[in-house]
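Below sits a lone chain in structure tokens, taken as the form predicted on its own.
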């Protein structure tokens, strides 16, 4: 059996699945249930020192669904915890005492004043928590108060606060980054410069998910008014993967430990984040959608896949995908593929034909009896037909063998990637030569 245990910053947990700082980790009752269900760790919902935090007593979530009403994304307008600080600290201490083998991270958000951080850090240390996560990502409510994403969007602030925390606590410091920024590398670099031990990302994406066309209020609506909130769930996974990869392959942050967050719903999602360099993953929306026991499916699936691949530990495949992430200019233009349609599995719906004929390269022919075939002399292997086909595996992309002539361009196909790296049409090679 594969070993799913992880050691992240010296913090050990029986598996890489942590609950993210969010409503599911707001109180002792929830966290105990999570640990009993099998979660390897939790990041306790963000604590602060403001006694005037008041959450709305109305809808806190907006949703985006797929055609089958599968939840694709949640928009939430909930603030940090509105429970008393001393109550949270007491509960954290009790849970950590009873579950010493699970990771206990405490999320924090206080004003950008050194004394505020000096005041709260020893209180958290006294609970026996394993580390802290600086919430520099929340895009709503708290950001308007000069915290959350308002800090995460200014690298200088990130570096400053991270340094304050490293100087005033023995606990590992994780900086949680906001995706609401142009280039994620700069805040990650700032966190590292400030001495942070790791980064976690992504926090939620600033969003409005819908507008009620009767009341004309954004949803969720509170007494006829709405506000932007934080978007999470499966829909944000591509954004998260890209930002994780950018940090993992950046020369200035290479080697900086990463805790991956963003739309992780299955074991496969988790494996993808780990393959891009993450030491563990944090989950929220999946737990809110399916309950805490979803972790059992995640852990079983990851373990089975690792056994099939021969990976004995998480470290065996961590970061394996990072070298394969490159800038567009370095992609091999000598590689040529063509779409192929399996006639036996084709249901003759015509979606591939409509998509290609109307919006792509007119590379699919339709006969009078609705047999669809690919015109190799027009196909550029854009993959659109694969993505719109409702039958999994019906349409595939097949690489042309070296030495064959591409009927579209008339050029001989080469699989010589080394040749492409010095080819005069390769802008990357030209730039390197200059």
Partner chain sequence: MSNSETTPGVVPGRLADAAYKSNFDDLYGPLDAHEAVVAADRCYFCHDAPCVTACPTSIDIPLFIRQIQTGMPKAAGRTIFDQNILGGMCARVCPTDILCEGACVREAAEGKPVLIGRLQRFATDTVMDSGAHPYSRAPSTGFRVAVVGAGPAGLACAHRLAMNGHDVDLMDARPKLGGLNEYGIAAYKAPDGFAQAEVDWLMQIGGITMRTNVRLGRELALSELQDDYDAVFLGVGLAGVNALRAEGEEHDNVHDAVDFIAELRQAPDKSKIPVGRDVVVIGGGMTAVDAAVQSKLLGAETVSLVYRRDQAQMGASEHEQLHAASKGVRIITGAAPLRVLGDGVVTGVEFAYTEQGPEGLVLTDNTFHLKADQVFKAIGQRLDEAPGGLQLDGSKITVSGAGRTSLPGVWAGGDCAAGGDDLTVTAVAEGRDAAEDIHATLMGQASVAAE
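All values derive from a computational prediction rather than experimental measurement. Residue numbers count along the first chain shown, from 1.
Another form, the form predicted together with the partner chain, is not on view; read the next lines as being about it.
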Inset, instruction - Would you check whether the partner chain, in the predicted complex, lies within 4.5 angstroms of a non-hydrogen atom from each of 23, 86 and 286? - result: no
Inset, instruction - Indicate whether residue 403 is a 4.5 Å heavy atom neighbour of the partner chain in the predicted complex. - result: no
Legend entry - Exercise: residue 68 in contact with the partner chain in the predicted complex, heavy atom 4.5 Å: yes
Inset, instruction - With heavy atoms only and a cut-off of 4.5 Å, decide whether residue 353 touches the partner chain in the predicted complex. - result: yes
Inset, instruction - Answer for residue 210 alone: is it within 4.5 Å of the partner chain in the predicted complex, judged on heavy atom distances? - result: no
Inset, instruction - Would you mind picking the one in 322, 239, 193, 349 that has a heavy atom within 4.5 Å of the partner chain in the predicted complex? - result: 349
Inset, instruction - Quick one: from 37, 53, 382, 366, grab the residue that has a heavy atom within 4.5 Å of the partner chain in the predicted complex. - result: 366
Inset, instruction - Work out which of the listed stretches, 25-33, 403-411, 366-374, 40-48, brings a heavy atom within 4.5 angstroms of the partner chain in the predicted complex. - result: 366-374
